[in-house]
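For reference, the chain that follows is the form predicted alone, supplied as structure tokens.
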């Protein structure tokens, strides 16, 4: 099956390779969700000499506005306008005589012989009809014309989910993509769903996306990867970089395992993670620090205080620092970026600081649990050794690790505690280590000027 690319690789993957050619597809959603941007992005992605792309604007947005806004996006190629991409405004025609809509489409199809037709807004045409029967006759005529002319069609409209079973255009359509914008606190989040796509194995569920100068950037909903056919567990050990800690768990952590480091603020979680990455650099294993609290400036200051040289640690082949603010955090986009960096940089160790921020950004507890399980499995099948840092409430022991189910997904669990007396005493304890003997006693933990020491 021939397919049309959307201009975004992730969206193409969600669609099973792109939109099937020679079909009729609906791009639906409320105003401002990005329907028109996606349609125009696809136009420029597929424009080429020969048969042009026809963009039909109804009275919802005049042609001058549509073309004028295009200059803000990086996918726009002005030289293609008027030749490879042709805009036609039919609002004046259909307003005076709605019954002439099929005739007007016939004229445009005969004139341009387009390989792609976009009608924006298609729902506006239905609103002109005197009754449902008249719209059904008009819709059948338009659909027949478009099918006869060997063209791929996109109907853009301000449809809602309640209209799916009521309006005839959804029964005619071969594909339906729903774009949604929801409010989360003081920010908006955008998701898209493939509701229908004939002849395609599309990826179900809600997939996040955002709009920027490059157009619509989508991210596949992060799901559990399949096991590779040649996967073999490795029983080799990796160093933590902290004196005496490796002795508490045989001779180090098993390759490809995930370690949960849980403790209150100030207990030393980030420092332990940095020691783990530094040990990897010393052993020739590139690392990745995904942090949602420490900016690059703060991270460099922390390394300097440990008497490390940031310019030597934060470089290609050493530690890759991926920082994103927790204010705009989107968990599926974060997972996509982590996996991309692992594959590009040959990453062998990963520290996520902290999964507490991922939990706060998840839409619900179930999605967070599924996401975290998928992420830990994605690291495991790549034999990437990981540390997941988790902030717990309170400084005293005995209050539990977390209200979520993150602990059972971890191969190893380190618990950090802070005991308040005349002096502040930090402790560390291994309470779980799958497939490995370990010392479960509580040990003193000291943060010195040159790093962490375990007593």
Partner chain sequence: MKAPRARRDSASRPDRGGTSLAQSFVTDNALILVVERDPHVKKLERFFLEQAGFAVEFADGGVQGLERAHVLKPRIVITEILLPGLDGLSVCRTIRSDPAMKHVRVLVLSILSAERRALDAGADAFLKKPLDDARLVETVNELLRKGSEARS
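Numbering follows the first chain given and starts at 1. Because the structure is predicted, anything quoted here is derived from the model rather than measured.
Note that the form predicted in complex with the partner chain isn't included here; everything after this is about it.
Participant: Tell me, please, which stretch of 112-120, 371-379, 243-251, 339-347 lies within 4.5 angstroms of the partner chain in the predicted bound form when heavy atoms are compared?
Facilitator: Stretch with heavy atoms near the partner: 112-120.
Participant: Using 4.5 Å between non-hydrogen atoms, is residue 88 touching the partner chain in the predicted bound form?
Facilitator: Output for residue 88 is yes: heavy atoms within 4.5 Å of the partner chain.
Participant: In the predicted bound form, does residue 140 have a heavy atom within 4.5 Å of the partner chain?
Facilitator: Within the cut-off, so yes.
Participant: Consider residue 144 of the chain shown here, and say whether it contacts the partner chain in the predicted bound form, taking contact as heavy atoms within 4.5 Å.
Facilitator: Although the partner chain is absent here, residue 144 would touch it in the predicted bound form, with heavy atoms inside 4.5 Å.
Participant: Answer with yes or no whether residue 81 is in contact with the partner chain in the predicted bound form, where contact means some heavy atom within 4.5 Å.
Facilitator: So residue 81 counts as contacting the partner chain.
Participant: Candidate spot 51, 106 and 148, all three in 4.5 Å heavy atom range of the partner chain in the predicted bound form?
Facilitator: Yes: 51, 106 and 148 each sit within 4.5 Å of the partner chain in the predicted bound form.
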